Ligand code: ADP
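Only one chain is shown below, in structure tokens, and it's the form predicted on its own.
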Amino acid sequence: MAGVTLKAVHKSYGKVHAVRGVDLEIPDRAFTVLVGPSGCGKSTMLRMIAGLEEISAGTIAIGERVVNDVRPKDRDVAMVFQNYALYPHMSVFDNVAFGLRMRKTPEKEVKRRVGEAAELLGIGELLERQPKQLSGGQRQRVAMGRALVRDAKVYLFDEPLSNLDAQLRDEMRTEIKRLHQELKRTMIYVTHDQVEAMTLADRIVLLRAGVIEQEGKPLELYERPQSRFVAGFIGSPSMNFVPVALAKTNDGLGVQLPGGATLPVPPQRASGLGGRSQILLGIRPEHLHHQRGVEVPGGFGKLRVTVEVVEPTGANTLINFHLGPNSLIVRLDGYSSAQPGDQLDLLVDMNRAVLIDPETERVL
């Protein structure tokens, strides 16, 4: 087994600087997800680790071995691609066995490894079929099987679920996480889908414009984002942002919303605001709650809004409303009878709000 280390890694395509001096330590046996919007450099980083792209500067090491000049086939990594890349004229067995046979692996060992991978992935009954006879999810399992038989140090996944429908993506996410738990290998997974990142990762690396914006455990990025970009990218629906003015209240410090309502700033949060008069308030849809009684818990503020759009999702209901020019969403548990035009009393959990410097966009 082996971890992966990137030190001051750059990648340029002519004038385009795709990866900008990335330093990253990927622990041995961890499931690390590289996530970010299109063009942030995540797939480029994965391909550099695999050896499919040359780095422009810096070093990449797998375990203790620097692999800058090592050919892809000699890096002991296995890769699963977005487009499956199966040979259409070969059976499932031959597709999974192809890499082993290219390495002159004895046929008895080939059969053993293919059989073990097929059992692990639940495709044992498909080994005699051809790819055209398989569903999208089955093809992706075959592609994963071809990687698993390699018994590699590091497994790389480049947006492997992008071509699947929503239900299959959910199923395959579970399968991939189960595989990692059983195999206990170093896995690096690239996606633009933050839900995949949150559900799969031991550790998330969030990229933006070729640099690491923040890395850590999924709940660290969710609960303690370091910038507006991280706060808005992690979470679904995404965080609400409202420009607010700081104002003194009888109980200390508060934020004044468009429309006049004032919410309390918990004392432990107020000390970091300095002498500012304006900040950006970030609040997640799930941290707005329907007020059902008269008591307001400590650190919460009250807000009355007018319902504009109601989006039932089954277990939750999304309510859209405006505060001045700002459109916001609240996610309520269970069923809601709210209709457009209704007045809704909300409690805002200011203990979990994010306070952002509007100039630097860093969390205060």
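These numbers come from a predicted model, not from an experiment. In this text, residue numbers run from 1 along the sequence as written.
Absent from the display: the form predicted together with the ligand. The rest refers to it.
Visitor: Give a yes or no for residue 44: in the predicted complex, does one of its heavy atoms lie within 4.5 Å of a heavy atom belonging to the ligand?
Guide: Looking in the predicted complex, residue contacts with the ligand include residue 44, since a heavy atom lies within 4.5 Å.
Visitor: Can residue 40 be called a contact residue for the ligand in the predicted complex at 4.5 Å between heavy atoms?
Guide: So residue 40 counts as contacting the ligand.
Visitor: So in the predicted complex, does any heavy atom of residue 18 sit within 4.5 Å of the ligand?
Guide: Yes, residue 18 sits close enough to the ligand in the predicted complex that at least one of its heavy atoms falls within 4.5 Å.
Visitor: Using a 4.5 Å heavy atom cut-off, which of 310 to 318, 331 to 339, 31 to 39, 55 to 63 contacts the ligand in the predicted complex?
Guide: Going by heavy atoms within 4.5 Å, the stretch is 31 to 39.
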